[in-house]
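Only one chain is given next, in structure tokens, and it is the form predicted on its own.
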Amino acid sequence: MRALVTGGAGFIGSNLALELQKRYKNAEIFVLDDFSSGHFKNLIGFEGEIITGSIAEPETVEKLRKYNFDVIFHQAANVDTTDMNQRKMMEVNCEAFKDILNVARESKAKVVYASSAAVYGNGSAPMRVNQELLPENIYGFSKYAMDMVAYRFMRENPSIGVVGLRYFNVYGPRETYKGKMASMVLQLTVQILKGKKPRLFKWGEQKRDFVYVMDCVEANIKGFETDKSGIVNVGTGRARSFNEVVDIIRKTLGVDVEVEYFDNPYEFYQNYTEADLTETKEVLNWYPKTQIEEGIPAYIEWIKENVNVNTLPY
């Protein structure tokens, strides 16, 4: 097997690249990254080939054509949900995805790509794959546009497998270089470890479907292994409040710290997300293994062992 992970120095991409290396002993694993938001330290221990370049650059796409990949795990993206530059977002996320699909078509490679629960906006929950999509920012719209491109590609190229993964709120190891886009699990943990009050929008009862990164890695691998195509949700199927997250962090750390609540400054905000996993089970035969009661303590242990929290801005 010859596999490419785009965005392989990033959060999900690096975890995926390292797991592929571990699981498929005789495979050739390649990572593509421009290191704009990914970080070299995420790839310490990776033994495959690293291709340096941006998916938005034609010369990088040309490089990829020579490799004849069997599978492309497309994780690279502009993930800054606060970036309002519409053209930049669409070029990096949607236009570059079209190029990745063209590379896949030429080599008949399977494609597993990162979509997002942002396509649902504040639509009804639990979010179902086939419900009306109502993205409320350009990031969500770029992922919506990618999904429309993917559906068209599936129809026109039925012999090439394509699986889109609509990630919900992902947290876990190797996200410390995401800056302000890091999960609230990391940000709240760092605040408490620094002796600060954890800060939440009033009154902390907004709910998210928090999914552990290694469950997302497993969903990618299931996407490669399945003989089906489609777009599916990747979450736990259970929405949890930010207050619950803080409670688990406090319990894990053995501290009793008061929460500081403040007004939400954002016009757009998803108040409730929860994944319906019907299509996920049908297409991937994938089930999330980790709820926050297990995932957060495991992550906190990793943070303590691997992160100097004083270097983080939260």
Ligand SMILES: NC(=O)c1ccc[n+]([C@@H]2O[C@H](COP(=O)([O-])OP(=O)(O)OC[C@H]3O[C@@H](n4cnc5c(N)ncnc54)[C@H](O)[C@@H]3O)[C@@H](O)[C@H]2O)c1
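Nothing here was measured: the structure is a model prediction, and the numbers come from that model. Numbering starts at 1 and runs along the sequence shown.
Another form, the form predicted together with this ligand, is not on view; read the next lines as being about it.
- For this ligand in the predicted bound form, the listed stretch (255 to 263, 48 to 56, 22 to 30, 276 to 284) containing residues with heavy atoms inside 4.5 Å is 48 to 56.
- Listed residues 199, 178, 240, 128 were compared with this ligand in the predicted bound form; 178 is the one with a heavy atom within 4.5 Å.
- Note on contacts: among 92, 163, 186, 71, the single residue with a heavy atom within 4.5 Å of this ligand in the predicted bound form is 92.
- In the predicted bound form, no residue of the candidate spot (217, 219 and 288) has a heavy atom lying within 4.5 Å of this ligand.
- Though the partner is left out of this view, residue 35 does reach within 4.5 Å of this ligand in the predicted bound form, counting heavy atoms only.
- For residue 114, a non-hydrogen atom is located within 4.5 Å of this ligand in the predicted bound form, even though that partner is not displayed.
- A residue is said to contact a partner when one of its heavy atoms sits within 4.5 Å of a partner heavy atom; residue 139 meets this definition for this ligand in the predicted bound form.
- Among residues of the shown chain, residue 77 is one whose heavy atoms approach this ligand to within 4.5 Å in the predicted bound form.
- Heavy atoms closer than or equal to 4.5 Å to this ligand in the predicted bound form belong, across 160 to 183, to the residues 167, 168, 169, 170, 178, ordered by sequence position.
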